[in-house]
Ligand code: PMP
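Shown here is one chain on its own, the form predicted on its own, set out as structure tokens.
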Amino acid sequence: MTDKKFWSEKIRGQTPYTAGEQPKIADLVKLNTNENPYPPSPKVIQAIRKSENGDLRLYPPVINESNRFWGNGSDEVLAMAFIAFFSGKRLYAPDVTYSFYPVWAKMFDVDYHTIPLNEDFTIPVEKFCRFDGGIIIANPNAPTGLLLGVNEIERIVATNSENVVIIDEAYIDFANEPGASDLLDKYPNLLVVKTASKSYSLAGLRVGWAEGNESLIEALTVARDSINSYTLDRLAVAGIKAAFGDREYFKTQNEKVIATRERTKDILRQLGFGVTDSQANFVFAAHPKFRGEDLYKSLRKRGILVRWWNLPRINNHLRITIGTDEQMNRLFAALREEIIGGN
């Protein structure tokens, strides 16, 4: 057993976030961590290679914008937001959502409360109105993939004008509706958080950002500069600038993911799965005759990784990242053997 005598009381009592496993398995079909199956823009690689010839002796430039805050992935941005807006305060979130939220809440002394989703996993908008604390909602939600419309988001933001409302849009670029950024000029209490990890195929570069009014961005900057002023290195700065500059590649690759997602929904439903109308780069599915845990373990033996949680309400569900068509075909073949062969 680990000797914890040098650990602080806070860390002794902390249960960290558990990321999706990253095993080294030959010929692995990795559909468990919502990475984009396609490479980033070639312009990103060129920019990073060019930047490598720069002077790495020097600290990277600190990007300071009045309405945008940058961090080492959206996870760091969200952690800074918990410190800046919710430490010592009350925060509300859906009961089924990104499982890092309660971890940050405990770490930064946030009074964290959950509001149950509806039976179909949709967000009960009326229950998120007029709260006595902050609100955080992943949209599309994780792991359900369900999207809350802009009008519904506006209702929540407008009825909580005295509290910060964070909309975590890690997957918004795969959705069939725009995100909440158009509301920013209207609501000073709204913060929208985004990432380059998913739709820009840059999970390994670690770039995330928040959009909001000058006061919110300044609070995030104070939090950042109290911990680490240099959250993006020179390679990340070069890479994200190039990614933003290649919109055509961005659009083409994401359209592939969306098309495969819709095909995946159809095939899973043909196999008897109940599947949410995911607007993310993953699907959320459960079969009435087969336990989620059993399917997860069986697929893993076949070298196919999906995500499963032993948590209330979702312990029969699988979250399946959208891969290439070839990867998804391997998944479908394995599931057909399990389900059709299991009847």
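When you see a residue number, it is the position in the sequence shown, counting from 1. Computed from a predicted structure; not experimentally measured.
Same protein, other form: the form predicted together with the named molecule, not shown, and the subject of what follows.
Student: Among 245 to 253, 179 to 187, 119 to 127, 137 to 145, which stretch has residues with heavy atoms no more than 4.5 Å from the named molecule in the model of the complex?
Tutor: Flagged stretch: 137 to 145.
Student: Please tell me whether any heavy atom belonging to L78 falls inside 4.5 Å of a heavy atom of the named molecule, as the geometry stands in the model of the complex.
Tutor: Flag for L78 set to yes.
Student: Wondering, does K198 line up within 4.5 Å of the named molecule in the model of the complex on heavy atoms?
Tutor: Flag for K198 set to yes.
Student: Y98: heavy atom within 4.5 Å of the named molecule in the model of the complex?
Tutor: Because a heavy atom of Y98 falls inside 4.5 Å of the named molecule in the model of the complex, the answer is yes.
Student: Given that the named molecule is not shown alongside this chain, does G73 nevertheless sit within 4.5 Å of it in the model of the complex, heavy atom to heavy atom?
Tutor: Contact check for G73: yes, within 4.5 Å of the named molecule in the model of the complex.
Student: Quick one: from F273, Y92, Y171, F85, grab the residue that has a heavy atom within 4.5 Å of the named molecule in the model of the complex.
Tutor: Here the answer is residue option Y171.
Student: What residues of 1 to 31, in sequence order, lie within 4.5 Å of the named molecule in the model of the complex by heavy atom?
Tutor: Read in sequence order, the lone residue that approaches the named molecule (within 4.5 Å, in the model of the complex) is Y17.
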